[in-house]
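In structure tokens, one chain follows: the form predicted alone.
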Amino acid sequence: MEIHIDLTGTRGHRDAIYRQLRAAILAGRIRPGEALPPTRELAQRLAVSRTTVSAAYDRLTAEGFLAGRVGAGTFVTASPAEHPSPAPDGAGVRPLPEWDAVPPPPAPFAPAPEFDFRPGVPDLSRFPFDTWRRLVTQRLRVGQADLMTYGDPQGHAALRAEIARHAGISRDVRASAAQVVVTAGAQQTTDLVARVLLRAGDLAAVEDPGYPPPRLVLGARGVRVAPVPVDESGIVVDAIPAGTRLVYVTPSHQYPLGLPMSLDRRLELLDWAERNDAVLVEDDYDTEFRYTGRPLEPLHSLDSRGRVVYVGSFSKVLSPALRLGFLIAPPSLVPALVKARYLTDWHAPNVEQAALAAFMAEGGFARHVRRMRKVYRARHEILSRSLASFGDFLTPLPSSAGLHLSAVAATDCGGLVRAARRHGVRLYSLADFGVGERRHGLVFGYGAVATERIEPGLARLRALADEGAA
């Protein structure tokens, strides 16, 4: 019998021969009772050792697919019915229904769009590659064996100390390194807090419109999630449902509207949390980049009753690929959060944590923030000025910080967004971030788009709008 076996590009020849013969038997291409080629003959044909073929035959024999007859050869004994094919799509074990509501992860953008107005993406071309390479190499060169073994679930001690110092200086967050837990970002922080405070069926609240991942994280854990409207002062506290145990907010730079929560609203929210025995997860993302005015104090700085978990991330300041963020929690929560961190994925990468700690201690992080603040301020000004040409249907919302700017519209912008993506302009509709009432408008990120590309990108968008894509 002539049997086609392809070993092109394979390294494990024994396993390749086994898999292809097994697949042919299961599919019925080789029928029960048919003889296989002698091991010596098949080995010569495939240019492999006879031992390799014999090992593949032995495994198939042990699994009941083949049987040897002394003096006669090796024969197929199994039939397709005895060894069914893998289950078709849709069959088999099903996940919990909560996961049906979670969209698939976004596809990687390769190649990057010609005009990249995605929000929340920093300018990676200005990442301090040389400095980072030096710091990582030093951590490896000195032979720090402790960095190559299991680490502290709470995070590298030096990094936690630098985070506490940075948050205290830049945001007046008064906390010790003992209150810091190093995480992989806002999503993991939300998951950890939910694990230690919420049960399935408990109620949590999120801003509407708001940052989608935390809402999806909570929903996937079986938590009921209530969207709460946002006005010009921030989340509407009176609209938070009774029984809510957790509220996720972005008070310094509301995502995606860009408006800060007023001081009165912050105090009102803190009082509500105390009265309702609830926790506030304060995502203070990208507040390093503030261009005008004095920032309001974080909720954490105003909290005297241990109600706030403060969340920060290095993804938007340095690089999303680092997967390093942090939370600062009330001391009463830290032991449980560390246990939850340990049970989920143990700890963040040790070498990257140590390198980041050194980067911050040397002043490199502060210098990088200052440089990038100038770059992003210029882009913010160009974008704000250029959006004046869209005044017939877009009204920019006031924003003085961050890496994006939103503009509201009177009509749905979904058609314009889809047309823009087909023509190399990547941006999002404001409606993409809503849960209940979907607001019309566009969200423009300016971290990933080069300064000189902002005006040409908006000109192309303007042309598409004039053609009626909006």
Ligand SMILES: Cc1ncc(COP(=O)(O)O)c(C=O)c1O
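What you see is a predicted model; the values in this text were computed from it and never measured. Numbers for residues come from their place in the sequence shown, where the first is 1.
The same protein also has a form predicted together with the ligand, omitted here; what follows describes it.
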| item | value |
| --- | --- |
| Exercise: Lys316 in contact with the ligand in the predicted bound form, heavy atom 4.5 Å | yes |
| Any non-hydrogen atom of Arg371 within 4.5 angstroms of the ligand in the predicted bound form | no |
| In the predicted bound form, Ala186 touching the ligand (heavy atom, 4.5 Å) | yes |
| 4.5 Å heavy atom contact, Tyr211 and the ligand in the predicted bound form | yes |
| Sole residue of Gly258, Pro330, Gly120, Pro227 within 4.5 Å of the ligand in the predicted bound form, by heavy atom | Gly120 |
| Single option in Tyr376, Phe359, Tyr310, Tyr285 placed near the ligand in the predicted bound form, where near means a heavy atom within 4.5 Å | Tyr285 |
| Segment assignment from 246-254, 392-400, 195-203, 99-107: heavy atom within 4.5 Å of the ligand in the predicted bound form | 246-254 |
